[in-house]
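Next up: a single chain in structure tokens, the form predicted alone.
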Amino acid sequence: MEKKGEENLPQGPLANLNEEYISVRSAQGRRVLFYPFALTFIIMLGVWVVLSGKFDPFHLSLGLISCAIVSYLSCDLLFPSPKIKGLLRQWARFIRYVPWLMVEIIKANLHVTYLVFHPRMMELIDPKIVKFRSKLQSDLALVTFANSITLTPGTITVDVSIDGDFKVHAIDKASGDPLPGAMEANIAKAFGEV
């Protein structure tokens, strides 16, 4: 027997959400939880203040209003779990992923610089499309993976399907060979999908 309010629950990759999250979301339409909203608002406001560089009352009030609206509409994207312990644990794992990604970006920058300044550049550059299927499950993990690939010089994510099928443009064989590899494994750890 189906529980009341579960007839319109998502199917496919979203079907494995925990029951508490589903019951909160399906109770009366849109219901925003405090911790995800507050954390999203704080992060967005911090980024807004750093990037805007404007500290007068007019600009700060615009930033507060904009961040509040966007946080209300998208807090469940950054923090899909309503439990605060789960949120903190997930973000702690993600913060450990960021330094690893920075090192990979630096290494890829050095590799692309080598290609550009090499006397036989035209022989070394061999662009191709690399296709693979990711083992990542959540939408946020797939988006993070796609963005991490694009942030790494020498590779650009061309297409990602909801099933995790990736098409990535690589500037040469060395840039495309490691995919999905260590980056996918580190993202799986960051999002608790190991």
Partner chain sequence: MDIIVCLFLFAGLFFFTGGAVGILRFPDFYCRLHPAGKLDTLGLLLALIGLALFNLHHFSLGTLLTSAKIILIVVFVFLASPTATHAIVDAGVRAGLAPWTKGEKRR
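Numbering follows the first chain given and starts at 1. Predicted model only: the values in this text are computed from it and were never measured.
What follows is about the form predicted in complex with the partner chain, which we do not show.
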Spell out, yes or no, whether the shortest heavy atom distance between P119 and the partner chain in the model of the complex is within 4.5 Å. yes
Proximity of F55 to the partner chain in the model of the complex, heavy atoms at 4.5 Å: yes
Please determine whether I171 contacts the partner chain in the model of the complex, using a 4.5 Å cut-off between heavy atoms. yes
Using 4.5 Å between non-hydrogen atoms, is I125 touching the partner chain in the model of the complex? yes
Any residue of 92-112 that, in the model of the complex, places a heavy atom within 4.5 Å of the partner chain: M102, I105, I106, N109, L110, V112
